[in-house]
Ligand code: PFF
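Coming up is one lone chain in structure tokens, specifically the form predicted alone.
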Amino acid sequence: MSQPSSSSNPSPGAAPARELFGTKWGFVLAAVGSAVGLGNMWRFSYVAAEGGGAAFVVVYIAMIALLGVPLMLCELTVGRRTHLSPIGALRNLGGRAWVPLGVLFVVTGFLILSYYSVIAGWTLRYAAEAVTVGFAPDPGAHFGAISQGAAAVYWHLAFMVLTIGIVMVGVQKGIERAAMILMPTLFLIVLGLAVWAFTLEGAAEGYAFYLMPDFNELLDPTVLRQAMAQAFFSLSLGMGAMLTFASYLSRDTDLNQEAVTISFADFAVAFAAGLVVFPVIFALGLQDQVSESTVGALFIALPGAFEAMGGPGRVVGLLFFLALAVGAITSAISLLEVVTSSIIDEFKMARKNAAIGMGVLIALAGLFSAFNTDVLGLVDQVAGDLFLVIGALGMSIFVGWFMKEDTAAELARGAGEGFKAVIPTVLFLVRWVLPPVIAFVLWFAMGDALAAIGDFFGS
């Protein structure tokens, strides 16, 4: 792909001189970075353990192919066609009636980043402690002391400063450059940890749990629902991140190829993370601790295991939490960019001012989660689960039915003959499969969100 210029054929109504990604791989790595985050090394392993290990992995691969790739193509198509951020893009293609969906994307990105940065701050702290003082002998008490209050606030704010600093520089000099450095680093760390985990005594039991499916689990409605929800969460769908990144693409980009590359690169990292986590869990007998909670797996059980290993565990723990931190920053960049880009487009504000202004507001909102993990859990349930699914449903309906006369031509633009042949299948999935499936997930997400709200205000 040749290097595009900022004046590359914007569609009618688009902002006139929009900065674009400088290279194809810059966009791919930035988009993969948006998808790859704590959802891969944190949430994937946990829900896989709940869903029967390999049975969940099989279902998840199917969900990526049938749901993730088509839904990603929806966002990529809207973003590249308009060269606008979510609010402007949906207004441009659907009129003012679709502006609320764009606003929902921005609000979702804002809220998710507000608590995500608190969790990311924990990963930064653990990585720093691995270098300076090592892991605490009582990981449960340690996590309880640093997960909320002033200690959590400092690292939350430090993470937000880092995120703002990258986004305010721009698409090519900030987001693209960071992705070109951070994503290869992440891949190498995860690959190295997977090789190390292979040498652990007892790792075979972990591999058996992870890689040998129990076919009785494959049709379990709970496993299906968790796999669907994980596909949306992990791929950064339903919040406008892929739409926003695609707005920085030239018109000749092959969206079909990019969607497949991004989706399965994201899965590859999640799968490789499982090759690290499950051997460690089974080699050290942590199955019961990990199944109790996601947070317990990451910040209590595994640090305790690293501490028990002595010197080698300290090195492995450093690499593990460094990988978590790298994944978190690449995802946080995309979340802040959704909000920043929308402010730039809607209010014609300079990028630096928009990034700093919105970043500060998000950091302030995140203080509630930093001071109280119950708030963090509530916002995660509402924004990270419910709002994402609503956004995904809205996008599939919009592209499948309100853009239906333009979608096929837009997907065919820049595509190879092989991908052009499957466009009818993609459109069928977007129109007839995605809406009912996402509505199914939404039903349960609404119930879970209402229960979480009731528990929070009733406690």
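Because the structure is a prediction, the values reported are computed rather than measured. Start at 1 with the first residue shown and count on from there.
A second form of this protein, the form predicted together with this ligand, is not displayed here; the remarks below concern that form.
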Which of 232 to 240, 308 to 316, 156 to 164, 345 to 353 lies within 4.5 Å of this ligand in the predicted complex, heavy atoms considered? The stretch 232 to 240
Exactly one of 77, 117, 331, 123 comes within 4.5 Å of this ligand in the predicted complex through a heavy atom, and that residue is 331
Exactly one of 53, 26, 394, 39 comes within 4.5 Å of this ligand in the predicted complex through a heavy atom, and that residue is 39
- Item | Heavy atom of residue 35 within 4.5 Å of this ligand in the predicted complex | yes
This ligand contact at residue 323 in the predicted complex, heavy atom, 4.5 Å:
no
Test of understanding: in the predicted complex, would residue 335 fall inside 4.5 Å of this ligand by heavy atoms?
yes
